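Let us start with two forms of the same protein chain, each given on its own as structure tokens and named structure 1 and structure 2.
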Structure 1
Amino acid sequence: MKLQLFAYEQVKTFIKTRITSGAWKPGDAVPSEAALMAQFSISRMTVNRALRELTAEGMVTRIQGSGTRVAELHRISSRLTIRDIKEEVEERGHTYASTVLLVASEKAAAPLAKSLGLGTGSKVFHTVLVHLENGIPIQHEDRYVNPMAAPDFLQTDFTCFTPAHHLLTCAPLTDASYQIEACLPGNEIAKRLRIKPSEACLAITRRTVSGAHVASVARLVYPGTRYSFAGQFQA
């Protein structure tokens, strides 16, 4: 139980409530650090921390030499986390399983090679698997891996560790980019997910970078009726 708010939290809530109540409109000036020091009888470092955190949260905008203003709040921004599917399933208390459909080493065609930062025809690892929650398919994963980033990738037992899990342990993540879209699965993937080819799916295309190498490119397809992303925002 939290009995007492810290000084910097008091300053934050003071400013937040004035913004969320509409008393201070976007573009309005927020009291300066000196003014807030006097008002709350606290030191400048404490005021500074409160305002710095509010900046990070997107509530205010600060310009050195000019001042602090209420940010234009015409957006809803929240943390979206794409997690390891196995962890996610197990955290729900369900049983996770996977069906491995392909584990192979291939020569990369031009577009794929380029996206992995390799030469055309270079050797790449290729895996295809279906992830199951309580025996029901929830994700189709088609992944290409750069052998430079994870030389022993193909030796992994993918029924125990997901490809994503293995990659994260042997090739620490430095950058990632992803795209979320809606698509139809196509006949082959529909069959593997045990859905109709006319059922809409969510697809994530993700590219991960580890140090100097592009580690992996993966396309994850989720049946639209069995999966969705949820997010939350709090001022």
Structure 2
Amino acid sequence: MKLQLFAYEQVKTFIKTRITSGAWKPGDAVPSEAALMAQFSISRMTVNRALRELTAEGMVTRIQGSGTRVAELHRISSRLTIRDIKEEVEERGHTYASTVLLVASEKAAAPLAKSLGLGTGSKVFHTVLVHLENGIPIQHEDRYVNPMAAPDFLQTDFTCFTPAHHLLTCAPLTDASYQIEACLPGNEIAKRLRIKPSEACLAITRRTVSGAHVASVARLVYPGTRYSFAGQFQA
């Protein structure tokens, strides 16, 4: 059973979706508190909380007498682009391949269910793949997907299309969070990546959101000598 979003979170998701999709541009007016109260049948206090949090996150600006507007992108922020690894490899002129290790429907334990915004024991989709470039493993992907966001996920032929490709196509990204860390792969992942268990790796844990749903939670492990992350700063 899916956990219901709090009312203020529904307002935040609505506004974030309009901004991140490009429907609302920097400087555009956000609907008034009265309009949001009527649209969501909620109190002014609830609307105010949503707008306060969006202001703190840099998504909107609130000026006395001028209302709320989409924020200008003037603050420096780091950005890691979410892309399909198959496209990355092919853009380099190399050959992409994948080894599909698991495609399954499972019941979510409490921590995973919480991350996906679901109730404990809810059905989730689980895939494990190794991605290769010119026959050499460069990424181990362990991903859980919310069926509410991508109901046809398990019908995908993952030897032809990556999980990321399916999600970017069928559950367009509206928000994401990630954590990058150095780690050791452990015996099983080291074997799959054809490296030593003592070899340093980079790991990214990523949680993506599509509209009102958390779409997926994935842990991606890269051999440190075979892959580097490229980010960019914008002002």
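In this text, the rigid core denotes the largest set of C-alpha atoms whose superposition between the two forms falls within 1.5 Å. Note that the coordinates shown come from a computational prediction; the quantities given were computed from them, not determined experimentally. Quick note, the numbers are simply positions in structure 1, starting from 1.
*Selected structure - the one that is the form predicted in complex with the DNA*: Of the two forms shown, it is structure 1 that corresponds to the form predicted in complex with the DNA, while structure 2 does not.
*H213 C-alpha relocation of at least 2 Å between structure 1 and structure 2, rigid core basis*: Where the cores coincide, H213 shows only a C-alpha shift between structure 1 and structure 2 that is less than 2 Å.
*Determine whether the C-alpha of E181 shifts by 2 Å or more between structure 1 and structure 2 once the rigid core is superposed.*
After core superposition, the displacement of the E181 C-alpha between structure 1 and structure 2 stays below 2 Å, so no.
_Per-residue CA shift, K12 (Å; core superposed between structure 1 and structure 2)_ = After core superposition, the C-alpha of K12 moves 35.0 Å between structure 1 and structure 2.
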